[in-house]
Ligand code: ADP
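This document starts with one chain, in the form predicted on its own, laid out as structure tokens.
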Amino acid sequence: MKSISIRNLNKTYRAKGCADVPALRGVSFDLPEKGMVFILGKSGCGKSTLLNVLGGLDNFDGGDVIIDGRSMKDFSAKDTDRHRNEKVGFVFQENNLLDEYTVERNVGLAVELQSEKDGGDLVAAALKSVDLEGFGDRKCNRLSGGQKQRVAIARAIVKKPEILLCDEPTGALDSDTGEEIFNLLKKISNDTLVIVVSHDRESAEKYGDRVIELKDGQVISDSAPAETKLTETETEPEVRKKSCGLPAKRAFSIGASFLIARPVRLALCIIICLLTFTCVGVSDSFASYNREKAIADNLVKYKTPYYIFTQTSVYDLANLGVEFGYIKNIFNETEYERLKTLVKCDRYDKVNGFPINSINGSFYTIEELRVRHDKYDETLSFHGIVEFDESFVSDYGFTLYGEYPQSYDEIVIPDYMFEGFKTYGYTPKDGTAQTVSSYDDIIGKTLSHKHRAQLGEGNYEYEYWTYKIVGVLDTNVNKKVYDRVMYKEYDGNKYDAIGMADNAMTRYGLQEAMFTAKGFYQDYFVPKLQQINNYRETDDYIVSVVCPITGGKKAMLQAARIHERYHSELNAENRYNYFMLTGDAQEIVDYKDDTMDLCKTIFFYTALGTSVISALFVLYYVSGVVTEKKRQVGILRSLGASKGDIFKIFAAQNGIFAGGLIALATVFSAVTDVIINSYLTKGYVAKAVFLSFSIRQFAVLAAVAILAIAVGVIIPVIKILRAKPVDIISGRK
């Protein structure tokens, strides 16, 4: 720094409801490059105000301060921050140290604000120059008053300022310690301009190279006026140091210490925000509920080995736009080929039904398994015919126990049907029940079921068809899902949804299918029906189509959406057909579909409300922290920290706060989703998935948390940064 010229400087304090207080009135003088200059005067004469203006802690109303030929009136906020950071060091009467930090960290903070990577050398040298070598690890709150003031001086000189501003540096010290501080400042003034504000005339005359006295905001005496070396128009180019700013690591460290400034308020805010953010996550789980996705999720949960596709009718009464579901229909070969164009699977297998005397295509009861209970008649039937071979078993990942059928009078039964025999035994026609405990006990047995033969008008008789069991096929259906509903007494109301799921899997899937040799249906079964019932139709009677599940969850989701991709044209009865995914997952999800649609709307608005509550509580918490830490903010600003640095500190503080809350709320939301799923399926044999916490819920939760915390941070921090550093330090703001 070459020179400082103060010209006709004016400063007036104004407050609402109070008279204006002039602090500086037409002050003018020049300052040298180095030496020790005392500014004397009684309290309220304007000397501290003058010091704050020179240091960029306060502004002025009129006149000018010219530094190195550049007017401070032309300084931007960034220029003022740089001026405090690079050119000025402050020593306050109350030292303004950060007591919770060590000596080394207090001094090092000034270096870090200049983005210097010192490694401790500059700090050590500064502490040595003030006779505090070896005190670096000591907390400032364990130092004496004189030692604290020495630390303050070390912090001020460590960045090698061009001007050292000292406001009553010995005002709170005893005379001996005060003399030590003045001797230290005198030594520093050999290379630096040291300006000391004091009311101690004796010390000023003893140590000062120049004494300027103020009264009522005006200069009344000046012991040795300096000659101005530069004018405002004779600007010398400013040599700027490299860009300064608080490193992110230090901002994070300071922010972390700010986090626990108000522990009670912090705890309350954490509890409220955790609840609200969890509510946001759960609300979005409801709001994003999608029937097809829920079906896909449950296909995964149940480890369902194959898709079941059926055709269903829907009709609109009187064109009201209201759809009414109808029973699942059989369909023919033409529609089967259409289905294959809509669903991309590795293979397609038809479940052919019985087209006479049964609207749903099932066979009559198996005579060897018919047990009467007090509550209802327990029966078991074949509900479809599936022709299979080695490739079928391999492609579906099934396991065959026994042999493949070699003739049309040999069949394989599914393990689900085997469980029926295991529960109730095998009872031959006109025979005694036999215990079944293993596959070997049922393989080799014969099964018979009766068909009604039409002999004439109103004249019928029953014909028994008999087949030999040559194997049992394990179709990999998750037994835990159904808990063998078919073979246990249960409360039909309590287990309604799972009962429907079981019914869907047995009627349209492979659980009650009769597995036969290739060609059985067209070459043997249909001709035999034609023979006994004069049945003339030759088109396939398809109950459903099964496909092995491959391709992961995305493929499951696409399969679940099949009904969105195909609808037939409305016919004269205002009916149309569409294909749909059928089975355990679809039945259970549809059972709660109306409930979930209602919850979607309710929880959408719940999420909005809880987001606002979160923002208000964060604002409440951060405002308390800013109030608690405003003195530290003022000290950092006096050391040259910019507004951006202060924002970094509070961003770091609340980044930690947000990160912890987001992590906890994520866990809480996921667990809550599980609990809600359990509640929605209360009483079911198996638990279903309606809500699933995914990356979307995490993103929404995180976005709301970050937005709420950002709003809570920005408002109080902007408010404190709008205040002048001197007002923050003094507590006036």
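Remember, it's a predicted structure, so these values are computed and weren't measured experimentally. In case it trips you up, residue 1 is the first one in the sequence shown, and so on.
This next part talks about the form predicted together with the ligand, which is not shown.
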| query | finding |
| --- | --- |
| Touches the ligand in the predicted bound form: Val704 (any heavy atom, 4.5 Å) | no |
| Ser43 within 4.5 Å of the ligand in the predicted bound form, heavy atoms | yes |
| Ile709, heavy atom within 4.5 angstroms of the ligand in the predicted bound form | no |
| Touches the ligand in the predicted bound form: Val21 (any heavy atom, 4.5 Å) | yes |
| Partner-facing stretch of 691-699, 44-52, 26-34, 661-669, counted where any non-hydrogen atom is within 4.5 angstroms of the ligand in the predicted bound form | 44-52 |
| Any residue of 706-727 that, in the predicted bound form, places a heavy atom within 4.5 Å of the ligand | Asp727 |
